[in-house]
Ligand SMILES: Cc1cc2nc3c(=O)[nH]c(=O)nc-3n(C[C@H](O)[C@H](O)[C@H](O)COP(=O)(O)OP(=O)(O)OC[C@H]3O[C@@H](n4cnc5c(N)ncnc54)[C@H](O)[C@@H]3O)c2cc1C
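As structure tokens, one chain now follows by itself in the form predicted alone.
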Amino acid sequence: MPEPAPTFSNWVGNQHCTPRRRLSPASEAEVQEAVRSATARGEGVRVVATGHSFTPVHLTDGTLIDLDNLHGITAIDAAARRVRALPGTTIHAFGEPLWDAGLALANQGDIDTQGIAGAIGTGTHGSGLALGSFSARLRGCRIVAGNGDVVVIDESTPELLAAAQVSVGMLGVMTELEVSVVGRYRLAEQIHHWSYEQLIEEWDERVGNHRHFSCFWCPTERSASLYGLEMEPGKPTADAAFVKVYDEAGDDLPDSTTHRRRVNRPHLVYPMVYEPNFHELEYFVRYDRAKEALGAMRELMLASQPDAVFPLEVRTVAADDGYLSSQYGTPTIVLSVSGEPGTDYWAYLRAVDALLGGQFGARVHWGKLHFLTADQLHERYPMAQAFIDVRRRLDPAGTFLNDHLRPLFA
């Protein structure tokens, strides 16, 4: 088991650590050895794939296990619509093999470079009121628990599965997982440039009648360029929305890369290319308060210039039953805001937290900046204690906790 350079930095460079050991196991047995050795030394263990989280979830001064040697699809069952993969497999890597088997991921976000275990563990998602997150698609996994033993989780162990669906790596090291997929489909994308007023007017119809509806609302003329959004020439960019609408495309529509309208395989349509020039906070509000929360965020961002210069990304996600899921028991509107590296954006992000958390009881994305306290965790996540009970059972010594997670979940 080779030991790479120990220093770790996440993808945007806002989180760093120097663990005592950084290991790249190539098998489940090597993961077990790494966990048992760390436990014997009294060291903490955290896991990283592509380091795509903005929060300190990966950080440890003990043993950092990276998944560089644990990637690849291990089985595809087209009849059952299931796929098994190793934990470091990127979302991108599922596209063509599933397509060739007549299948596809049910949904995905606009970044496809995350490792699948991390995407599941943090509740990563796309958009669509009838479409769940990656976590909601988890049907089973193998986890190396705190004592180094392998725990098999599947639909016959519903309590463990509900905890594993969004576990932020606190149950152990996932060594293989199984997710449900769907029959393959093609997507037709349409891009619109709307005023805020049109966005609100069309919101209910568009969200309710399209497979995927999302937008970037731009508070200033500069905002769109920060994410490389091509707004329509001659139209105001400030207080306007870059809108994305996706629907399934019939066989009569040929593949197309026409500007502002694409038709293609879903894994070729969903992704966008981002420069890592932002630090993101993402909060989830019950969908029945969607337009109220969106309007409140608009007012706050217009009053928070120049700190609130990045676009507000707006999406929706279906309800699910993962214990730590932001969608537990309710569909949500997702509101994503960013701070600009090199600026002191913390006062702005804390104002967002006070608004969405205090007024709307928002839940958080576990891989993105947040200010959640232990009391708020139990207020906003009805199954938080059930998750903690499972965590303590699989990792009684707290091997997989770190300074960021311990105050919430010890």
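For clarity, every value in this text was computed on a predicted model and none was experimentally measured. When you see a residue number, it is the position in the sequence shown, counting from 1.
Separately, the form predicted in complex with this ligand exists; it is not shown, and the next lines address it.
- Candidate site formed by Val48, Phe54 and Asp110: every one of these residues places a non-hydrogen atom within 4.5 angstroms of this ligand in the predicted complex.
- Screening 297 to 305, 250 to 258, 173 to 181, 203 to 211 for residues having heavy atoms within 4.5 Å of this ligand in the predicted complex returns a single hit, 173 to 181.
- Contact annotation for Thr124: at least one heavy atom lies within 4.5 Å of this ligand in the predicted complex.
- Proximity of Val352 to this ligand in the predicted complex falls outside the 4.5 Å heavy atom cutoff.
- Using a 4.5 Å cutoff between non-hydrogen atoms, Asp320 does not count as a contact of this ligand in the predicted complex.
- Shown alone here, Tyr196 lies farther than 4.5 Å from this ligand in the predicted complex, counting heavy atoms only.
- Taking Gly115, Pro266, Gly146, Pro311 one by one, only a single residue has any non-hydrogen atom within 4.5 Å of this ligand in the predicted complex, and it is Gly115.
- Taking Leu187, Cys215, Val168, Leu98 one by one, only a single residue has any non-hydrogen atom within 4.5 Å of this ligand in the predicted complex, and it is Val168.
- Counting a residue when any of its non-hydrogen atoms is within 4.5 Å of this ligand in the predicted complex, the one hit in 78 to 102 is Pro87.
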